[in-house]
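First, one chain by itself: the form predicted on its own, in structure tokens.
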Amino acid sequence: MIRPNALTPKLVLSFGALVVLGCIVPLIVEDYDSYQITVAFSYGIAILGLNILTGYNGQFSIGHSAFFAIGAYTAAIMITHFGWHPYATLPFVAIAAFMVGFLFGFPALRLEGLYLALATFALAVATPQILKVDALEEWTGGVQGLFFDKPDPIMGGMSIDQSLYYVTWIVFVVLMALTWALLHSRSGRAIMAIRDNPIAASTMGINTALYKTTTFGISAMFAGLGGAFFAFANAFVSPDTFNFFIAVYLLVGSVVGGIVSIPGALLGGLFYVFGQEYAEEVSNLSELIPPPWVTFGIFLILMMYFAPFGIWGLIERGMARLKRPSSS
């Protein structure tokens, strides 16, 4: 049950303004920009799941690229081999990713901290190799991957990229709202209690095993949905697309955006996509400027120095200072 005082008019107006702003963007930018933002949303959905798992439940994962790949491949296989409409695959993507995450959560119950990180690292490294196995090549396409068409526009007058942008944005908004409702419910308080003190939470009667495995499943489900939209945007999947670096990027986006926040997932996805592009543009200004990845690394260092709690944490601190009465 959600606390009555949690849903304030200010929160509703702020969320409504964000939704409206997101709906306006495709009308004022080019199709390629809509495509890039759609990719950022797909990362943002996966980062939102990682925030729930790591930021709110305290389980550290660097293997979410595996669940990202599961979502992408589930959608791609259903489209190419069974002729399903891309959007019709989303419920099955969610179920498949949730089940894998939930089952992986059981052995993870015995692992904490760095040991859990190593286990998820192994999952991230193994997944691309599993997708290349000859026995699965008929379904996964092997090293060549699978190609398919982008979803048709949902309305006349829309381009393909605009339409996909709106669908991805709507799903992202719904998932953010559901995440907020979950975290402000009794289950959400139990999830955060496990993060803060698992022994005390267990003493208070919270089924820590059930909550931890379910949270892992929910987080994997979000990552899977993000992977599906990533696949839709690119109309292609291959094993090397979902390598370990994707897991690192998701973790970077989570920390930069704000790992203990919901809006931070959106900011993290946008930072990852456009931060890299801006780093490349800066690097091309002069031969004296370091290569793009070095420049991007410098961005990250500066970000962590000036915004240790992420971009959303920096915004919250700025808003708090504005509210603080000035001393005469």
Partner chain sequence: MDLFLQLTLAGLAIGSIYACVALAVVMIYQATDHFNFAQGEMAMFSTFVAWALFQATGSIWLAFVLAVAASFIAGIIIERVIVKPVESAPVFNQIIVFIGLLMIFNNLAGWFWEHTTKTLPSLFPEDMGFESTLISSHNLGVIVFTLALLLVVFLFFKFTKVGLAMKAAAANPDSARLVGVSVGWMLALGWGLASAIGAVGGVLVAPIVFLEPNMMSGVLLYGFAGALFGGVNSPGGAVAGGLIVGVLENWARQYVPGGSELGLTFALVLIVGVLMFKPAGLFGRVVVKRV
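Positions refer to the first chain, counted from 1. Everything numeric here is computed off the predicted structure, so don't read it as measured data. Rigid core: the largest C-alpha set superposing within 1.5 Å between the two forms.
What comes next is about the form predicted together with the partner chain, which does not appear here.
A.B. asks: Scan A233, A96, L123, L146 and let me know which has any heavy atom within 4.5 Å of the partner chain in the model of the complex.
C.D. replies: Checking each option against the partner chain in the model of the complex, the one that comes within 4.5 Å is L123.
A.B. asks: Only one of 185-193, 167-175, 222-230, 237-245 gets a heavy atom within 4.5 Å of the partner chain in the model of the complex; which is it?
C.D. replies: Correct option: 237-245.
A.B. asks: Using the partner position in the model of the complex, report whether F274 sits within 4.5 Å of the partner chain, counting heavy atoms only.
C.D. replies: Heavy-atom contact with the partner chain at 4.5 Å: absent for F274.
A.B. asks: Heavy atom to heavy atom, is T54 within 4.5 Å of the partner chain in the model of the complex?
C.D. replies: Contact with the partner chain, yes.
A.B. asks: So in the model of the complex, does Y115 come within 4.5 Å of the partner chain, heavy atom to heavy atom?
C.D. replies: Result yes; Y115 sits at the interface with the partner chain in the model of the complex.
A.B. asks: Any chance V255 has a heavy atom within 4.5 Å of the partner chain in the model of the complex?
C.D. replies: V255: yes, in contact with the partner chain in the model of the complex.
A.B. asks: Though the partner is not shown here, which residues of 273-312 have a heavy atom within 4.5 Å of the partner chain in the model of the complex?
C.D. replies: Contacts from 273-312: E287, L288, I289, P290, P291, W293, V294, F296, G297, I298, L300, I301, M304, Y305, P308.
A.B. asks: When you overlay the rigid core, is the Cα of P308 off by 2 Å or more between this form and the one not shown?
C.D. replies: Superposed on the core, P308 moves its C-alpha 2 Å or more between this form and the one not shown.
A.B. asks: Can we say the CA of P263 moves by at least 2 Å between this form and the one not shown when the core is superposed?
C.D. replies: Where the cores coincide, P263 shows only a C-alpha shift between this form and the one not shown that is less than 2 Å.
A.B. asks: My question is whether P292 is one of the residues whose C-alpha shifts by 2 Å or more between this form and the one not shown, given a fit on the rigid core.
C.D. replies: Yes, the C-alpha moves 2 Å or more.
A.B. asks: Report the direction of the Cα distance change between F271 and M304 in the model of the complex, compared with the displayed form, as closer or farther; the change is 3 Å or more.
C.D. replies: Distance between the C-alphas of F271 and M304: longer in the model of the complex, by 3 Å or more.
A.B. asks: Relative to what is shown, are the Cα atoms of L300 and V29 closer or farther apart in the model of the complex, where the gap shifts by 3 Å or more?
C.D. replies: Note: Cα gap between L300 and V29 widens in the model of the complex.
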